[in-house]
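Here's a solo chain for you in structure tokens, the form predicted on its own.
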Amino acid sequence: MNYSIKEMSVLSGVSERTLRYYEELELLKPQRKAENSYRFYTTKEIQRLQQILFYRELDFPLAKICTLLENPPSDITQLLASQKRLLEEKRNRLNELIMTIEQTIETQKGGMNMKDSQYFKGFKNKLIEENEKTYGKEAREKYGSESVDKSNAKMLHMDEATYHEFDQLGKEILEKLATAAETGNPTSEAAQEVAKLHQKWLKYTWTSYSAEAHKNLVEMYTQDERFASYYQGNAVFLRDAVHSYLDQNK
């Protein structure tokens, strides 16, 4: 199959901007470009992107990944087995990734026919694990363990299409928030769109949404430097935009 850059992004969860950046680094090139500059990828590029993501999970710098992929072992299963060994050192956090690698090895040996979407199965739980490690304590103290567990369960049971919608929406919010914040006006049309998207994004995982809880959350963003970093210094702007949006749409 041929995939456009948008389809490749949805399939893998990697943003179009990142795919273009990988292309600039000559780390991942599309199989071909049409005359209109549209990019197209095949299963070969999907498998290469999977390898890149495995190495990124192991905190390898992009330059090192490029070197490794330009000098792969003659047998791809040797590369996958090596990655498996490294990932097993992080077994408690990366069990799902290890399973994905094992499936990929079987595919390379011809023992099974792995669907393209399965190459990224192991990355689906990563977001929950990172959020739990980084924000879990505060979230459980503020909202209670039952609410957090239900939210995690809702995310875990998302089908592939829904998860990618959720993931892409999160990326879209960051991009549009950065643009809206340049205006300095949290009541602007652009800022209100960001607030609306943020509300939609929360509803993917929240089992019960309320405007009050939403306001409390964005207020917490402004008081925690981790969220300030995640929202690229625009946490206060996001809070003000959300308050404005919710007050106008009671």
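When you see a residue number, it is the position in the sequence shown, counting from 1. Owing to the predicted nature of the structure, the values given are computational and were not obtained by experimental measurement. The term rigid core refers to the maximal set of C-alpha atoms that superpose within 1.5 Å between the two forms.
The same protein also has a form predicted in complex with the DNA, omitted here; what follows describes it.
When contacts are defined as a non-hydrogen atom within 4.5 Å, none of K196, T207 and H214 contacts the DNA in the predicted bound form. Of the candidate stretches 199-207, 180-188, 217-225, 33-41, only 33-41 contains residues with a heavy atom within 4.5 Å of the DNA in the predicted bound form.
In the predicted bound form, Y230 stays away from the DNA, with no heavy atom inside 4.5 Å. A residue is said to contact a partner when one of its heavy atoms sits within 4.5 Å of a partner heavy atom; L246 fails this definition for the DNA in the predicted bound form, lying far away. Not displayed here, the DNA is approached by L62 to within 4.5 Å at the level of heavy atoms in the predicted bound form. For the chain shown alone, N234 is not a contact residue for the DNA in the predicted bound form, no non-hydrogen atom being within 4.5 angstroms. In the predicted bound form, S4, I5, K6, S15, E16, R17, T18, R20, Y21, Y22 are the residues of 1-27 with at least one heavy atom within 4.5 Å of the DNA, listed from first to last. The Cα position of N234 differs by less than 2 Å between this form and the one not shown after fitting on the rigid core. W201 shows a C-alpha shift below 2 Å between this form and the one not shown [criterion: core-superposed Cα displacement of 2 Å].
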